[in-house]
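For reference, the chain that follows is the form predicted on its own, supplied as structure tokens.
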Amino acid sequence: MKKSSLLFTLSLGAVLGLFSCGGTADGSSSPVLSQPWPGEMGGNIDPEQSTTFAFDTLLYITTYHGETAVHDEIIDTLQKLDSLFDPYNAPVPGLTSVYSLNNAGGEPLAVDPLLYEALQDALEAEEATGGLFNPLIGKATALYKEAFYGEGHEPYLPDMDEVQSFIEEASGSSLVLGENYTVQIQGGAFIDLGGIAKGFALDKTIEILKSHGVCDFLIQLSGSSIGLGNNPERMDQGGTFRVRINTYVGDNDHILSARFNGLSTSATYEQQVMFGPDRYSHIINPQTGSAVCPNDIGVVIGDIESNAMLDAFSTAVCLTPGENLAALDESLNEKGYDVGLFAMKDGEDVYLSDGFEISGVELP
């Protein structure tokens, strides 16, 4: 459900790593790479980048030691997930997808284990965000999508009574996850996993990299879900990647340096539709049905292996008024999610949690 507000520059900064990759036994800096995961990385730095189109955007995979076969495995997985999560088109033969569930008339269906796991994450995200993510607002999402981005007409505001009826239907519906990967929609609502789709896909990508012992990587699923591994081209300064958070307003951009972290961002700019002074976007509030967010950008940084949750949390940040963001931050941490939150409105900082370290250093 999100688009990017990030631009990458391979540079250096403070280490925010969750894994130990690089450094010697006594903790001193060293260009020699140690292995947090089993496997060999090879010797010389030889960046390998692949791209693929999925989830309606370009996805970028970068590793540094010629792991072509790993790229192929990742791309196959991303394409499969794209088909599984698509609510608008029938899946490739042999798959039971979100589209299949939405058109099953409430009957239980056995789904692919990957989709089952994604739906488990979706329910966890709904609970963690207090309902600011809801996987069952697919009908309201589709209504807005047609109104704002449909072909053959100018953008228009959908009937808000119809939107509200779909929101009420979603709140009265439920997902039942049964044995043997069986899923049932009870109540007539439709599933839309856009709010965690790229984050979940990044989690599966990280699993593949981990299984092959690859710790030098930069994964950019558009710019909304980013996997920051170790940067071997900057080992003399900690192996971090430098990220520019683009406000799109004035010169008040910020710089974040991180390593072995997941990063998720929600932003209203890239798919905005203006009606009068109000900026409408693809981010829908599951509680009110509104497509006008209190914040323009929400960014969350956290565990490299928890990107589905980070994906949902960045949407929640966009949807949370500034005066309530501290409470959201505290709630997530109390529930066991070690994350940093950051929000902006009109180019100005709205909220910056203790776990989010940024600076205003200008990039060339």
Partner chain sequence: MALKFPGWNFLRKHWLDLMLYLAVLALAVTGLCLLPVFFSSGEAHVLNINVDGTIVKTVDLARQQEEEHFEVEGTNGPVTIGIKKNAAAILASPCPEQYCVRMGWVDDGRPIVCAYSHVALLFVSNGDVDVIL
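Just so you know, these numbers come straight off a predicted model, no measurement behind them. Numbering follows the first chain given and starts at 1.
There is another form of the same protein, the form predicted in complex with the partner chain; it is not shown, and what comes next is about it.
S.K.: Using a 4.5 Å heavy atom cut-off, which of 177-185, 192-200, 111-119, 149-157 contacts the partner chain in the predicted bound form?
M.R.: Selected stretch: 149-157.
S.K.: At 4.5 Å between heavy atoms, is residue 265 in contact with the partner chain in the predicted bound form?
M.R.: Residue 265: yes, in contact with the partner chain in the predicted bound form.
S.K.: Is residue 218 a contact residue for the partner chain in the predicted bound form, using a 4.5 Å heavy atom cut-off?
M.R.: Yes, residue 218 lies within 4.5 Å of the partner chain in the predicted bound form.
S.K.: Does the 4.5 Å heavy atom contact test between residue 145 and the partner chain in the predicted bound form come out positive?
M.R.: Contact check for residue 145: yes, within 4.5 Å of the partner chain in the predicted bound form.
S.K.: Taking the partner chain as it sits in the predicted bound form, is residue 169 in contact with it (heavy atom to heavy atom, 4.5 Å or less)?
M.R.: Flag for residue 169 set to no.
S.K.: Has each of 132, 346 and 351 got a heavy atom lying within 4.5 angstroms of the partner chain in the predicted bound form?
M.R.: Judged in the predicted bound form, none of 132, 346 and 351 sits within 4.5 Å of the partner chain.
S.K.: Going by heavy atom distances of 4.5 angstroms or less, which of 214, 206, 78, 273 would be at the interface with the partner chain in the predicted bound form?
M.R.: In short, 273.
S.K.: Would you mind picking the one in 101, 128, 255, 163 that has a heavy atom within 4.5 Å of the partner chain in the predicted bound form?
M.R.: If I apply the 4.5 Å criterion carefully, the residue I get is 255.
S.K.: What are the residues of 307-341, in order along the chain, with a heavy atom within 4.5 Å of the partner chain in the predicted bound form?
M.R.: Contacts from 307-341: none.
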